[in-house]
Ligand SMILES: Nc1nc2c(c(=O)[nH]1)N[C@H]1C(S)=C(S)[C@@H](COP(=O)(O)O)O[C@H]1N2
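Form predicted alone, single chain, as structure tokens, below.
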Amino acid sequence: MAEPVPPLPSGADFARQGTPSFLTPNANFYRIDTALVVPQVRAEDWTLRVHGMVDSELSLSYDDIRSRPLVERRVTLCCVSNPVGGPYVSTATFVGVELADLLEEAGVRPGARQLFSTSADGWTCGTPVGAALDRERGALLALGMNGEPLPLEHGFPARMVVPGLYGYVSATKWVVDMEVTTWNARRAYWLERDWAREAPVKTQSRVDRPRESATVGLGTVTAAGVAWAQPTGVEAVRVRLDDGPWREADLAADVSDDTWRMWRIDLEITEPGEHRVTCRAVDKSGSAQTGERAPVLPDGATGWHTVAFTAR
């Protein structure tokens, strides 16, 4: 039995106003990976090797992991290739063991900087050792997702989940090997393709309603969307109609700094024709989401999301 997360508070989303549900169903959870064919590893055949700059190498079976204390964590994951306003962000309740427990049991040696993980299909990932060991961050070796074993396409039998980092440096699916090493000793798959070595999640927000090119009636129009700033958390979302003043949106219940937060606001549309709605988030450190446009390469897109719509 896993140590459960608290129940979701009422008002955790504004799904009736157009946001996603707070938890993303497994079938709808975004998937980005390099696997042409989803690896199919039987639980009874799976082992995880933890080695490298450690005092004691570990070789762990699926039953070994399941017999350890399990914890639940709600985490929003997002892909570095997500464009501004894009769909590659989702939230789930993951169940697994503390990654820090495994690494501390192995005994990380001084000078180690990278946790170099490898999936069953040979894909590799480099994660900062400090992030994997940070208990406040709460990195997991996850076995379950939203009350079920991990789906095949999301990493069964086991995957890494490290809040606050883009997936390509943190979220190895079908993981079978973890080598504690340095940055100079090993170079992961995407690092060889000119992506950044370390990739903390950038504060972002998105307009989900109205949809791009939608037609709405004159009068009160509800705009709604999501914002995320893991692991700092979202403090505020500000919304602008056309070139008007920025206004504070209403926020849904604050579930966790490691998860997204929904927002909504009523806008008064008095003039027919084309209009725009733009959003920007502020994290709990007081830092506002930048409006400067940057592409996804090398460490994630930036910019404010704007949706154009028509009022009649």
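So that there is no doubt, residue numbering starts at 1 and follows the sequence shown. Quick caveat: nothing in here was measured; it's all calculated off a predicted structure.
Another form, the form predicted together with the ligand, is not on view; read the next lines as being about it.
- Taking Ala171, Val108, Val239, Ala188 one by one, only a single residue has any non-hydrogen atom within 4.5 Å of the ligand in the predicted bound form, and it is Ala171.
- This chain appears without its partner; in the predicted bound form, the one residue of Ser119, Thr181, Thr203, Thr76 with a heavy atom within 4.5 Å of the ligand is Ser119.
- The candidate spot formed by Tyr30, Thr34 and Gly167 lies fully in contact with the ligand in the predicted bound form, as each residue has a heavy atom within 4.5 Å of it.
- Residues within 4.5 angstroms of the ligand in the predicted bound form, judged by any non-hydrogen atom, belong to 171-179 and to none of the other stretches in 215-223, 171-179, 132-140, 99-107.
- Although the partner is absent here, Trp123 is a contact residue: one of its heavy atoms lies within 4.5 angstroms of the ligand in the predicted bound form.
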